[in-house]
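Just the one chain here, laid out as structure tokens, in the form predicted alone.
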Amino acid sequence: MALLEMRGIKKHFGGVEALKGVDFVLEAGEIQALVGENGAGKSTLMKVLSGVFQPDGGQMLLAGNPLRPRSVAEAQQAGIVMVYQELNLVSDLSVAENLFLGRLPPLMGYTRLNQEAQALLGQMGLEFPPEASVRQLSTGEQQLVAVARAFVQRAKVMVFDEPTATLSANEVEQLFRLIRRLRSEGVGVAYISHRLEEIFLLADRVTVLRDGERVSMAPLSELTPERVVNLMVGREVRAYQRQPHGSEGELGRFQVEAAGLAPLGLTLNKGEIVGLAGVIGSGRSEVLRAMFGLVGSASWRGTRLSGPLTALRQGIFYIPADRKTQGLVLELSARENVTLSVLSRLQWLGVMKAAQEQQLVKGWFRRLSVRPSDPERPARTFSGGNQQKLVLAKGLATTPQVLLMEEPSRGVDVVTRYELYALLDELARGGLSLLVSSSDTEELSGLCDRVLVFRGGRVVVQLEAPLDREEVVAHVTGARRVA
């Protein structure tokens, strides 16, 4: 008898059929990967399992017993725990408080709470202090806190939705060791990822969804990465390798200073894509935030960037790694999100120019292939990859000269990622300059004209195209020290 059975699961959102009778079976002590393009239904299926959504049809069994959680709390009581792609932490609480939130025994003092949190963090090999505010942690560290909180619950079934999107190589290996330990203890693990290399390192079996339907479920030993991609999209997809088109002359120079970051001067050429590489905490993310006036101090072409408004006026736009809390207003429509940064351009005497607004939004929807193509849908109802496209559309609507992107393909499937890279190449050839901070070395080596490798808050080496991924990895990990 299987640990978990989901049979004929259906889910509609208005007129959109997100799940068309999907089957999913998970054994105890199994790690099963769930893959598919953005919008294929992976997260929706797991949100039905974890009580976020109610199914419109089908049935679920857990250890042979009927399962139909009406809330996340009910799912957790039944033994279903989900670690979401986007963080669900309380930023103003401490690490310890987040770890045990909702499970605190009565009259527990902070001393004991921190001690128990420290013990848990130690088991996971995490070094940040339990009393630290979650807001003070990097995005990658916050992701590990979310994972650690799930481990506190010791579920029968654990679902991981893109858990490594902002983790360094060492942190990923840490996480994999913990997931394998769960498997050895008989926990069933469903693992959603767009990174096929992770799936082939971790999974026992792979289920592929396409357009809300299951198209394959097979042991990993019967699959290749190429076969998985073909099943996802129904056609052959090649790896992306951008052809650098050469410098078009200097666009301007940044001067950057921020806490934990050595003073940096960076000359940016017109139409150039510059990658920023380094492990979490290396300083690469702080650089982009300083360039947008969010932290530290920075100047562009001699003008001090005192805040985001100044940066926008200088033709600079920043796309953050966390699109749900920093990039979008989820309860607003897609249209309203895309036009948030250009409202002054789309109104006259306080009245929106509706026709001009619709034309702008529909144009970016077509160019970015946003799905579904309904600008009036709330942003929260779009898949992760299509939400990323909405943030990109919002930035490009400002017609920037410099686009700052942090983890641009986080939670984006391989096909959408290819489309994104092709668009960024097109924009660069049109004269837009881009700075891309990414933990994905394959992304950096395939996309960038040059890569700056950060370690300890400073640039330790600059690598020029053509870029070799192994060379980038060697410098990022410290395998090749540069004096």
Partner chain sequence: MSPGRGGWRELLSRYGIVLALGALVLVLALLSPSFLTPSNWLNVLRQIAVNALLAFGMTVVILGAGIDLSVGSILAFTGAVAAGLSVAGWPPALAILVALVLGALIGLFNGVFVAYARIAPFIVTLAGLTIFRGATLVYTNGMPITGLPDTFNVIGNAVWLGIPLPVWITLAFLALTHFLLRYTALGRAIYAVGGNEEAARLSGISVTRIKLFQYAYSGLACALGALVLNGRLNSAQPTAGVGFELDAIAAVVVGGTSLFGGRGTVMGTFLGALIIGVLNNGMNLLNVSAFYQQIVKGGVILGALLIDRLFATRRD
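Residue numbers count along the first chain shown, from 1. Note that the coordinates shown come from a computational prediction; the quantities given were computed from them, not determined experimentally.
Absent from the display: the form predicted in complex with its partner chain. The rest refers to it.
The contact with its partner chain in the predicted complex, taken as any heavy atom within 4.5 Å, belongs to 341 out of 303, 269, 230, 341. Checked against its partner chain in the predicted complex, the candidates 119, 201, 90, 352 yield a single residue with a heavy atom inside 4.5 Å, and that residue is 352. Its partner chain in the predicted complex is not approached by residue 172, whose heavy atoms all lie more than 4.5 angstroms from it. Mapping the unseen interface onto this chain, residue 125 falls outside it, with no heavy atom inside 4.5 Å of its partner chain in the predicted complex. When its partner chain is considered in the predicted complex, residue 418 lies well away from it, no heavy atom lying within 4.5 Å. With a 4.5 Å cutoff on heavy atoms, residue 455 does not count as touching its partner chain in the predicted complex; it lies far away. Only one segment in the set 362-370, 181-189, 206-214, 325-333 has residues whose heavy atoms sit within 4.5 Å of its partner chain in the predicted complex; it is 325-333.
Although its partner chain is omitted here, in the predicted complex all of 51, 318 and 394 have a heavy atom within 4.5 Å of it.
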